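Below, in structure tokens: the form predicted on its own, a single chain.
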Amino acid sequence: METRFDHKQVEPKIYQSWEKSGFFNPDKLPAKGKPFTIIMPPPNANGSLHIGHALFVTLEDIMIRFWRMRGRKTLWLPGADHAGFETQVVFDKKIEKEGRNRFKIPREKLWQELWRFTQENKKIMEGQLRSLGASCDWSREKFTLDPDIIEKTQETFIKMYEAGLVYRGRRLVNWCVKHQTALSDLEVSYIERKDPLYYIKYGPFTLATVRPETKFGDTAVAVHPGDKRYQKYIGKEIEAEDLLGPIKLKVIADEAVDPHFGTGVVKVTPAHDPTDFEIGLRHKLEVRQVIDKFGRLNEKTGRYRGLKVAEAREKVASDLKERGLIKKIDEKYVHSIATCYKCGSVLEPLLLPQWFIKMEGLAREAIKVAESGKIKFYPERLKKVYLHWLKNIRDWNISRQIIWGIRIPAWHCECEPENWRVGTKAPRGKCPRCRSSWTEDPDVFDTWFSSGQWPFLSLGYPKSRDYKTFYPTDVMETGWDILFFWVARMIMLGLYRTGKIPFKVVYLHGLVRDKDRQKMSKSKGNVIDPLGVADIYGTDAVRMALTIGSLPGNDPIISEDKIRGYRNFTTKIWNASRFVVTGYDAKLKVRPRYSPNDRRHQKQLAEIKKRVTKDIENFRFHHAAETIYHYFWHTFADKIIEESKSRLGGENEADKAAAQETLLKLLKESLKMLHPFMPFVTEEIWQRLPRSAKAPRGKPSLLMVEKW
């Protein structure tokens, strides 16, 4: 063995040997035990892998390698996500730098550019997954825009539509003016901001608002039904002076009004506020939209038409003040505002026709499987969070006004733009009323609608052998931050489409943070490139640094110092193994005479292995890694090897044989335990073991498929 472990030379060679063996494919494994399946959370095909990806790859690969060595028929199915809106945002930035605007590029041309962009990134990403040691079955790799995935995703939509679970409605949605698309409630990022709170005179009332520019869409004023101050006004109509002339508004009472906010009176603008929209539905109020999709005031606002929201607010407030219609302004009002989770721009609540899924029934079934224990959560505390969200769920807006994604299979004609026919193909012939051709909906599905079906679609639902063999899957391992975005939706859609749970266990890892517990971001300059540090310190060191200290649901700490420390552990493993291997005398033909210490060491190792096994089985990867780390370094290397040196150099050949056989056995078992965590260095050492110590001739000699 060389004096040092050269990870740069060894890692590519080792990965090639694994891939060449075919053992990533469960159909070619020497063991034919019960299946163990993980569907890889498909990374977005729009950029390089980050440290969060390295964490999920490490944790999932630990499970896959462990259960493969346990004799299970293991499948880890890799994939990539087209990531609709997120990829569109990344691509928008790219072409903006080139001086181009996606809204001016023909749809087909833009689609082809995006396709090439994602395919190039996908190829890079696959190479990075290999570099991290991902032992997944590349022969089964899937992309969320594969033809069969598109077909089955559209089929689910059609099935839900026919069952009355999908409807097209004109409802208030979260509209991103910058990206010109609606977003679901989960794609809203709420931030606190200080804004002026204007106290405006409305006839006999003074009411507080942060949005005077929406007053042209007011269709009532509201008070709390229990507020004694305003009882005499409820049900009556008031007259008020306004910037465009006198107005009349009905006074209504509604429980949604907070009597302690402002003066206890609020203006109701159903077209531009979610709470007001619900109030409007309850009281059958007129819905008057005064802001357009581009964030400008429309023709209903008179001389303010064309102004952007921010400048309109300033102008309207100024004019109200000039007319004596503002009583006071609170300049220090702090409130929560909805912003786009990708670009940070303030979202505009707009009334637009969109496709929605009725969620209540789907949520009910997803609640049952969690409460009954059919799906287990790690950590358990996040099950309560999951249940709370499902019990308060709202209908899901699944249409996106972008081109990158799976097209919504719905058609309409010119004479009735809101009379939709749902199906993968246009209705036959022309419209019987206006004789025009049928037009397909230009919108695409929310990415999470297709990826919510990923576990069963990626396995070839409903007829493939893979689906019948590997579904339901065993573990869904992903970040806690997408519990609602993805996990809950996979459970709901999986139950709806297949009648089965999509996975038995949900393991939610934390978000990787730096040594100061800060979230990693480019602006802070604290981002760690996993491939960059792996190139310096070795992939095994990165994997151990990510595993130790990573508890389910908790945010792990990572730093270059931590990774460097585990590089030292890699060196320790190599040096200790080199001592055992190079000192092994194969010419000794005497029968070993084991001492009580030898037997004690072997018994201790068996206990250690039992603990490590139990910890991995119970998803305590951090404990398992720490146990084997301390055993190898502080017990095996520092004590047992040191104690054996005098025996190995002694004259008693039976004792010498016992010492070297004990060391070799302890090393072999240690390498097996370390392999799921540190696959490269352990596999390389395994190949250097004396032939008699490895598998019998004719059987696989790769550590990757050795019996645990």
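Only a predicted model underlies this, so the values are computations on that prediction, with no experimental measurement involved. Heads up: residue numbers just count along the shown sequence, starting at 1.
As for the form predicted together with the RNA, it is not shown, yet the points below apply to it.
Comparing 80-88, 159-167, 619-627, 351-359 against the RNA in the predicted bound form, the single stretch with non-hydrogen atoms within 4.5 angstroms of it is 619-627. Listed residues Y378, W480, Y594, Y584 were compared with the RNA in the predicted bound form; W480 is the one with a heavy atom within 4.5 Å. A heavy atom within 4.5 Å of the RNA in the predicted bound form is found for one listed residue only; from Q180, N568, T206, N419, this is N568. At a distance threshold of 4.5 angstroms between non-hydrogen atoms, A637 is in contact with the RNA in the predicted bound form.
At the 4.5 Å threshold, heavy atoms of K645 reach the RNA in the predicted bound form.
Of the heavy atoms in V266, some are within 4.5 Å of the RNA in the predicted bound form. Looking at N575, you'd find a heavy atom of it within 4.5 angstroms of the RNA in the predicted bound form.
Along 335-359, these residues reach a heavy atom to within 4.5 Å of the RNA in the predicted bound form: H335, S336.
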